[in-house]
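Heads up, what comes next is one protein chain in two forms, each shown on its own as structure tokens, labelled structure 1 and structure 2.
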Structure 1
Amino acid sequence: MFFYLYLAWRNIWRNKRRSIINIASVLFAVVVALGTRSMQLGTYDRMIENLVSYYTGYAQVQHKGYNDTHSLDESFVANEAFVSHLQGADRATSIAPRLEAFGLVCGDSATMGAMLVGIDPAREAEFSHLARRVKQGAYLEAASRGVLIAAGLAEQLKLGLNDTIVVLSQGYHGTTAAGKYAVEGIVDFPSPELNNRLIYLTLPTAQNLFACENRLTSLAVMVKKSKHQLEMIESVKSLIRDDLKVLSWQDLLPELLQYIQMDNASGVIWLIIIYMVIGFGILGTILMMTLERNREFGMLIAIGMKRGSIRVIVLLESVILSFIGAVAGAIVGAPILLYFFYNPIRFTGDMAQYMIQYGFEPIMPFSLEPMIFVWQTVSVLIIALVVAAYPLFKISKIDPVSALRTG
């Protein structure tokens, strides 16, 4: 095998220009594929992080009927002892008790629908780092009677600090929920969806508003790394009562999951197009190489070299060229992706407004997932093996006499 590798390597550099063009085409295509895939996966990670880290958590404990109705009638009783009990679940880093309901909120000149969320300020700060998102005013304290309002919603309602907001909703078992609260702080989220809909109250204030004493709609659970999600869910399931169930973020955000799956499919199609470009580039080089070396192959066969040995050498040439191009593409692409990972592209002006209107954060993040690099290299090598079928077939059909006569 070493002898075959030696011959293949020598043959590659007999025509340096041809080999360099082939390597350059593979390199360019790999860099484009890396950038495209990194951008796509980075966008997915950012979307998931924005919604999971700041709101849903990687899983939630709910009453079995709540996710279907989102009614306060499907809330459940949970005290501090129960919350602390769940804190012992494997891989669970923090747990945030919530009481959530939709309602109408009114400012001085506008009325909008919003999600009202009752929270334990201390646990929520540990869970979603909500206190860090406060851009005006102060974070809620345990005894607070006011609200935190998301910046986008505050702007639409034309509300500022210490302004009064009126809430009208439906409470537990159809009771009327109404109240007036002072705006104690304004929080700013990177996700437009969260920024235009959330209002936070302390848990006792929310329970009083909705007549839900000691009741919760969910317990959101966070893990340090997403790969620990399934392990955490199984552990939580073993700790909860029979009337409760555990839902993953995929269950809680089916629209986001469907969007990612659809967009990922389009990304795969784009990658296939790029791989086709790589394949045709390699095929062009292989065709030229085969035609130019037709006489050489005929002579080798005439002097007794086995066709199988020639096929192995030609196959190795294709694989070596593709491997060099793929590795060079990964080496060139790595610092580019590294730069954009720490300095994501931020959109401004009309483009930013356009993205916000459609519920996207105006930013283009990148991913450094190692498997991105692995898959590009493996894919290029597979393409090289497929394309190499042509010269292998051609070699099996060569007539030594004709090849020596016509070249």
Structure 2
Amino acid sequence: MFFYLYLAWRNIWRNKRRSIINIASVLFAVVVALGTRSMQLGTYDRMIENLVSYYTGYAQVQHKGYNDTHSLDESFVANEAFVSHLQGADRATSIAPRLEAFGLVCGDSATMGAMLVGIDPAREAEFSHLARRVKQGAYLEAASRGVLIAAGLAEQLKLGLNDTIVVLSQGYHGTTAAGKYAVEGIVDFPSPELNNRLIYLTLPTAQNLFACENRLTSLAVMVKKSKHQLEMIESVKSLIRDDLKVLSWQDLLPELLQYIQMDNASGVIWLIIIYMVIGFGILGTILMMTLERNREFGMLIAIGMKRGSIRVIVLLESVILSFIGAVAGAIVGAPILLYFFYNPIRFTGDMAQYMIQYGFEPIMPFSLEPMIFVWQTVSVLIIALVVAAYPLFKISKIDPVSALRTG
């Protein structure tokens, strides 16, 4: 076997220029693929992180039916003991109890819709590091009576610290909810979706406003790594009452999930196109390598080499040729990815405006997920195998008598 490898290796370098062009083509494809994949996965990670780690959590415990209506009537009673009880779920790192409802928020001159979120300040700080997002004023204390307002919303309402807002909404079972609060702090989110609509209150304040004594709309659960999500969900399921259910972020943010799936699908199609184009080039080379060695193959068969062994050599040639390109591509691609991983592309000007308008953070982060590299190598190997099919078939048809006779 080692000898076959050696023979295949030698054969590849029989025509150096041709092999180098081939390797360069694979290298090119792999670098393009690594770049686009890294960008896509990096963007997805960022989008998920922006919404999941900064707000939604990897899963939420809700009352059955809440997710369809977002109605306070579908809230549930949960005391401190229950929250602590859930804290014991496998892989759960932190838990944030929340009471959320939509409300109209009036500043001095303008009125906007906002998502009012009642939180346990200490737990929320641990959960989404909300305290670190305060860019003006102070974070909420357990006994605070005021609110934290997202920077984008504050700007639209022309609100500053200590300004007063009037909140108007509908509480539990259709009661009217109204309240007046002072702005204690302004928090900044990278995701425009959060930055333009969030207002935080303490849980008791919110429960009081919405007449939801001891009630929550959701308990958000965080895990350290996304791969722990399923384990955590299973564990949470076993800990909760019958009237509650656990929803993953995929259930909670179906639009984000679908957007990612679609973008991912288009990315995969793009890679298939590039790899197919490159594959044709390699096919041409392998074809030539086969045709020009017709006599050699005839001679090898005549002196007693099995066709199977010749096939092994040709297959090895195809695999080695592509594999060198894949490795070279990874070597060239890795530093580029590494650079952009630490220095993500930031958009400015119109482009940034455009992205914010569509709810994206104006940044193009890269991912260093090792699977990106693995997949490119696998793809290249698949090409090598597919491309080798023609010569493999051709070898069975070689007639040594005529192969030796002709040119």
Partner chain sequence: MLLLIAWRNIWRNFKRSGIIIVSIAFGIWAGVFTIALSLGMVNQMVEDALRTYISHIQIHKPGFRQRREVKLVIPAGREIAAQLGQAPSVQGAAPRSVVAGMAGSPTSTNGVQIIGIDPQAEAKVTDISERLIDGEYFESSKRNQAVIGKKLAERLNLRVGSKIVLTAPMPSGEIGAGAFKVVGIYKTSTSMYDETTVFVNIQEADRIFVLSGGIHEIAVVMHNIDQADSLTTALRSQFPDLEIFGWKDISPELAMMTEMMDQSLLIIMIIILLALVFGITNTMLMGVLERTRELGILMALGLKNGKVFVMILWETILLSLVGGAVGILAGIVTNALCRRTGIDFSLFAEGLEAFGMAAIVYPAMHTRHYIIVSVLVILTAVIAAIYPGIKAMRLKPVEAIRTY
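Basically, rigid core = biggest C-alpha set you can superpose within 1.5 Å across the two forms. Keep in mind that what you see is a predicted model, and the values were worked out from it rather than measured. Please note that residue numbering is based on structure 1, beginning with 1 at the start of its sequence.
Colleague: Can you tell which of the two structures I gave is the form predicted together with its partner chain?
Modeller: Answer is structure 2, the other one does not fit.
Colleague: Would you say whether T176 is displaced between structure 1 and structure 2, judging by a C-alpha shift of 2 Å or more on the superposed rigid core?
Modeller: No: T176 shifts by under 2 Å between structure 1 and structure 2.
Colleague: With both forms fitted on the core, give yes or no for whether the Cα of R91 moves by 2 angstroms or more between structure 1 and structure 2.
Modeller: It does not reach a 2 Å shift.
Colleague: Tell me whether L104 is among the residues that move between structure 1 and structure 2 (Cα shift of 2 angstroms or more, core superposed).
Modeller: No, shifts by less than 2 Å.
Colleague: Upon rigid core superposition, what is the positional shift of the Cα of F393 between structure 1 and structure 2, expressed in Å to one decimal?
Modeller: So the C-alpha of this residue moves 3.4 Å.
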